[in-house]
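The chain below stands alone and is given in structure tokens; this is the form predicted on its own.
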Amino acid sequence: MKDAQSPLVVITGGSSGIGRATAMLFARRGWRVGLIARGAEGLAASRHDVESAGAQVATAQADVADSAALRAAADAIVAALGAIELWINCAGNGVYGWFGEVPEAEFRRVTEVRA
């Protein structure tokens, strides 16, 4: 484990993709890592990876579109690891297909994700 005095980064969307890769970069550089994401399974896998890199990690399940849940997640990470030095937003979702063929509901789901 890294020193408890090492800086803490919190990464939303930390269970997959760019967020998970970013978590690993910070873990390998000695940062403590807080991960926030919607899915428990992905969070658990990311937690394992970050711990395997030798970093302290705390996870919290939340949807970034729910400000109360996001605040509670941040508070839980602060309680576990201390003050946040850096916050990185990598949460998002997507849909694959030709622009003109994407149903409006799917387009709205992708573009209306906000914190």
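Sequential numbering from 1, following the sequence displayed. These numbers come from a predicted model, not from an experiment.
Although not depicted, the form predicted in complex with a small molecule is the subject of the following passage.
Figure note: of the listed segments 80-88, 49-57, 25-33, 63-71, the one touching the small molecule in the predicted complex, with heavy atoms no more than 4.5 Å away, is 63-71.
Among heavy atoms of Ile18, some come within 4.5 Å of the small molecule in the predicted complex. Among residues of the shown chain, Gly92 is one whose heavy atoms approach the small molecule to within 4.5 Å in the predicted complex. Contact between Phe99 and the small molecule in the predicted complex is not found at the 4.5 Å heavy atom cutoff.
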